[in-house]
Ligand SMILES: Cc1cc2nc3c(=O)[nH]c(=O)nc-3n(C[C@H](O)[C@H](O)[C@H](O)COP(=O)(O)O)c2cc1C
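In structure tokens, the next block holds one chain alone, the form predicted on its own.
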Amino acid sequence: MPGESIVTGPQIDPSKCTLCGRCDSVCPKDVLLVKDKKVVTVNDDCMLCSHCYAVCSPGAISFPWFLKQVKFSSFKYREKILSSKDHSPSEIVNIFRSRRSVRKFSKDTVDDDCVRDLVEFAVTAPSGSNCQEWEFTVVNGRDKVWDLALQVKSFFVKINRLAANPLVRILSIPFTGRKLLNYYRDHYETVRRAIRESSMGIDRLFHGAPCVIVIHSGMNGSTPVEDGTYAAYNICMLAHYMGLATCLIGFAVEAVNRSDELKDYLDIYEKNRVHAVIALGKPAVKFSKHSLRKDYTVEFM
């Protein structure tokens, strides 16, 4: 009805509520309180984490205006809480280790429904203060991905032209520190080779992938970079078990974040920061062993 206020927090059905108090105890913002033999909301500080919904066995709590269940169309899904009794630590390790970064894709296309399901799973990732402010831009189709690769190439042609000049590298230090010097040392030659190969139709940026997913957001949340990274890895993990392959493309992240022209090309708000660019497609390589890892250090305090 016009003028009617919309409740942003949990709604409680008193006919189902057993007054168990679990919702009250789990609420991180102290929104709920068991009072006078009913559950009431005592402030409007709800962060929509839905913890109260998740612990309410009788189903007395809902968020009809703002929250929904996830749904998938490319595979059958039945919601089920899994515990340590359902999978051993060894199985979990193998599940995660079986996913690999792939840099050789087949020419097979990726169905839009599959991409939508990957994004649907991406937004189930945790986010700081439950902000969920991520946004997704999908470039699906090999011709479209190649056009994007050429746009990124144009950016790096300009950067390499600057980095190739030793005088520019030195003069840039007061303004950008050693960034251009480090770029020349670490990336100039690799990028120069990729630029040269692109003129022969070789895609060193996206490795021939037929689809690219860009994850971006504004920077107002408490942990926007981490939120985007979590969402990206959700995509990478589910893609593997959908028979697809992924690779995170750091060069594309840097290019888009530093180029207003690329943001405009992708229709991304200028204020947004790109957190991940994912090349996606069917793999043209099969791995028979897990990857090896470098040694590392750890200190317990």
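In this text, residue numbers run from 1 along the sequence as written. In this text the structure is predicted, and so the values were computed from the model without any measurement.
Although it is not shown, the form predicted together with the ligand is what the next lines describe.
Residue 289 falls outside the set of residues with a heavy atom inside 4.5 Å of the ligand in the predicted bound form. Although the partner is absent here, residue 64 is not a contact residue: none of its heavy atoms lies within 4.5 angstroms of the ligand in the predicted bound form. Mapping the unseen interface onto this chain, residue 142 falls outside it, with no heavy atom inside 4.5 Å of the ligand in the predicted bound form. The closest non-hydrogen atom of residue 101 lies within 4.5 Å of the ligand in the predicted bound form. Distance criterion of 4.5 Å from any heavy atom to the ligand in the predicted bound form singles out 249 from the list 256, 249, 244, 235. This chain is displayed alone, yet in the predicted bound form one of 192, 153, 169, 207 has a heavy atom within 4.5 Å of the ligand; that residue is 207.
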